[in-house]
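Next up: just one chain, as structure tokens, the form predicted on its own.
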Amino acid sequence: MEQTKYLVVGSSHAALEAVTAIRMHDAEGSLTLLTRDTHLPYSPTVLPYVVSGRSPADSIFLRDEKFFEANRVAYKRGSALKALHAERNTAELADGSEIAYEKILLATGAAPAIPPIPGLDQVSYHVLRTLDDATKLNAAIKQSKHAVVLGAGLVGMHAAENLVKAGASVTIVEMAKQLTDGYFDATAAQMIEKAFTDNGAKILTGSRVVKLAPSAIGALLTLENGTTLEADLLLVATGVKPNMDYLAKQGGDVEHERGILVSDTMQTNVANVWAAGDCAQAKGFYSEDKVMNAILPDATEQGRIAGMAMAGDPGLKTYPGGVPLNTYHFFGRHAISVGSSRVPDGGEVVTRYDETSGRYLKAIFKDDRLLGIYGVNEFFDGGVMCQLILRQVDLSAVKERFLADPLTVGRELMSKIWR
């Protein structure tokens, strides 16, 4: 049986940051990176640009083979984790082989959540989570004339824009009352929706598909209100779920619907097992409740912390809590959201909206400390805003200037307090 000191499962941001953190403290311990993907590591966030053709599929890799050679990492791609046998510190692979480990990081990411719509299994449809998904969708978009996108989150909206630009008739179907629900408020969502409808897309919010069936061109969709839609390209973009099939028989703090529960150092309550990224539930910044914060900056931070903890790095600092951060570019415009949208008792909301220029800003404060900030065509540094929130910086002395120019003032503040 193969043996390794550190086994990292996954190959995106959380896994790669963990590898780097481990090697910073332990240059010699055997290290194996295992992934079901057949490609070199890449970021899921770049896949919309592969779909659009803006980024060639062979130009998006985060690391090359030389990186793994230089860092003495055994990189095993096309090797899925079938089962974790934590009671004997072994990982069983899909081909039946096993790897014994001293410490393991589960950074297995997430997979598309497929809704239980009757007839969905009878029609052809696309999802977008892997590089192979992106290349297939890129090819299909070029042929599509009548496309339907289920889901109006950022994945679905990116794809819908590419379909519009390719000349297809596009309908977006979303169960929520607004598009980009969970990312942006109603005002921002209306601005995004107008950009799409101005470019010819049709958006059906508050709508649910209740049945699908094959049709002459592809798929026939029936909505709850009886409306029917026909599509030669159907994209299902209704969210994601953590990849955790390998934990089917594993005990410990695992919630199979929501993610793997971890401590502030990304450790589970199962000996020698850590988890990070889109499959992990860590504490949120705004409460001690465990949350899924499936964004790139958090995956990076969690992976770094997990790697340091596994290697016993004395410089380890615990996870401060998840702060949502999302950016979105659409039809030459820009939207960004950072932090909480909830207004607490005693909280303050400041908004400004210039309909002529299409600029919108919303900021939420409590005791002059930033809790959340949102903008459309308002440019500010999301990372800086996140730090102002995490550090609970008192903005009372600069609040007016900050609201007038959050990009410049935010960077001024961080240049003085960044440590």
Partner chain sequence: MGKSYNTIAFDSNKCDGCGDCMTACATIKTGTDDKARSRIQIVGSETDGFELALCRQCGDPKCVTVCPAAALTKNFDSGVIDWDASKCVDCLLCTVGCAYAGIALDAGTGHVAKCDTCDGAPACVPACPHDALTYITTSRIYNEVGGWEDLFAPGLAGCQGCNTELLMRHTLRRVGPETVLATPPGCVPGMGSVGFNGTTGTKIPVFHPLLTNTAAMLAGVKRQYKRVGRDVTALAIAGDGGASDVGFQSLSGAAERNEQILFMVVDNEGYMNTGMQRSSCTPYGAWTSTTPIGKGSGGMPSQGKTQDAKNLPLIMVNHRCEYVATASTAYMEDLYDKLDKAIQASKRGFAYLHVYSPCTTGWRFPTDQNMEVARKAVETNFVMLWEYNPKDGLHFTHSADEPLPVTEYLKAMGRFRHLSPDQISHIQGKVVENLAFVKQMAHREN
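Bear in mind that the values here come from a model prediction, so they are computed numbers and not experimental data. Numbering follows the first chain given and starts at 1.
Below: the form predicted together with the partner chain, not depicted.
With a 4.5 Å cutoff on heavy atoms, residue 59 counts as touching the partner chain in the model of the complex.
Under a 4.5 angstroms non-hydrogen atom cutoff, the partner chain in the model of the complex has residue 379 among its neighbouring residues.
In the model of the complex, none of the heavy atoms of residue 103 sits within 4.5 Å of a heavy atom of the partner chain. Residue contact check for residue 40: none of its heavy atoms lie within 4.5 Å of the partner chain in the model of the complex.
Annotated contacts: 80, 114 and 319 are all free of the partner chain in the model of the complex [non-hydrogen atom within 4.5 angstroms].
Residue heavy atoms within 4.5 Å of the partner chain in the model of the complex occur in exactly one stretch of 66 to 74, 366 to 374, 348 to 356, 45 to 53, and that stretch is 45 to 53. Only one of 334, 136, 142, 202 lies close to the partner chain in the model of the complex, with a heavy atom inside 4.5 Å, and it is 334. Between the options 85, 342, 329, 165, the residue in contact with the partner chain in the model of the complex by a heavy atom within 4.5 angstroms is 329. The partner is not shown here, but in the model of the complex the stretch 279 to 310 reaches within 4.5 angstroms of the partner chain through a heavy atom at 296, 297, 300, 301, 304.
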